[in-house]
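Next up is one chain by itself, shown in structure tokens, the form predicted alone.
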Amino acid sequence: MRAKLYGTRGSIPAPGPETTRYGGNTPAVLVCAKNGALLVLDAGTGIRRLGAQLSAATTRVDILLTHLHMDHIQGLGFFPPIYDPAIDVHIWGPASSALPLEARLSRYLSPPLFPVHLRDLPRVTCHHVPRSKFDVGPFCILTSLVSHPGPTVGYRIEGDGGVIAYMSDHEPALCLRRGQWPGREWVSGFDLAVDADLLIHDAQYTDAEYERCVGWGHSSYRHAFEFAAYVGAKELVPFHHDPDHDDEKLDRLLSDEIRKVKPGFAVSPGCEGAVFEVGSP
């Protein structure tokens, strides 16, 4: 499998000269199998450029939404395949206690927020998660609710001999007891991330920022590193960068954490355009 990051920013787009390397678009990640099958993780503003770069031969795209906060669906209406009658688009995401996924998405894809109704799109089908493990082409996908306000889902994607875990908005540190990680059954997202080859994980805050934002559903760099070590991930990609963190600050946060922790796993910066190969070549 190949994963490419098209949007890495959290909460709100943050374009500008100070964010050119890490990127200012909100979450969107493309996962491609060796046979050409596609998954898109989240539909933030990065999905616009992602969609424009898809092959003309594309006939199906599956979009896996973690949740329906605006930074994760804001680009959906600007994703060209949803208007193409030759492409089947399948959107997977959580319902709420009161509304199915389609009704929740229709609140955004309808006037006055957007000029086009979801119901008028030619070949879009919605599916609920979490659910039992399921297959999409060559991908085997495991889903689970994770610690973040509102119904929020994390994904484990197995394919081509590799595993990608994707938890863009996640606060596993809520389970800490006096700073210690408890047994695996108490740790949000453990089953999704255990032994993952690539872990794309929320790292929005500094330690000081996290202390002011406990319960908001995001992780500090320290907690992202601790979670990666706890689950035995082989490579961590810090993700969902705070809109107030410029390139220099993100470089500093990453290097400082690596220096302090000396992790036993690879760590790669979550920059727009970064590509990761997972599993068999």
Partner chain sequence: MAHPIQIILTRQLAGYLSVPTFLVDPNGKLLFYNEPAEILLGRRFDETGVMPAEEWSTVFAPIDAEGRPIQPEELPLMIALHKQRPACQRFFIRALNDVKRHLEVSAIPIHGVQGEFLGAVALFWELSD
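No experiment lies behind these values; they were computed from the predicted model shown. Residue numbers count along the first chain shown, from 1.
Not pictured, yet referred to below: the form predicted in complex with its partner chain.
J.: At 4.5 Å between heavy atoms, only one of the stretches 81-89, 115-123, 133-141, 184-192 reaches its partner chain in the model of the complex; which one is it?
T.: Of the options given, it is 184-192.
J.: Does its partner chain come within 4.5 Å of any heavy atom of residue 74 in the model of the complex?
T.: Contact with its partner chain, no.
J.: Residue-level contact is defined here as any heavy atom of the residue lying within 4.5 Å of its partner chain in the model of the complex; does residue 177 satisfy this criterion?
T.: Yes - in the model of the complex, heavy atoms of residue 177 and its partner chain come within 4.5 Å of each other.
J.: Answer yes if any heavy atom of residue 167 is within 4.5 Å of a heavy atom of its partner chain in the model of the complex; otherwise answer no.
T.: Although its partner chain is absent here, residue 167 would stay clear of it in the model of the complex, with no heavy atoms inside 4.5 Å.
J.: Does its partner chain get within 4.5 angstroms of any non-hydrogen atom of residue 146 in the model of the complex?
T.: Yes, contact at 4.5 Å.
J.: At 4.5 Å, heavy atom to heavy atom, what parts of 75-102 sit next to its partner chain in the model of the complex? List them in sequence order, or say none.
T.: Stretch hits, in order: 95, 96, 97.
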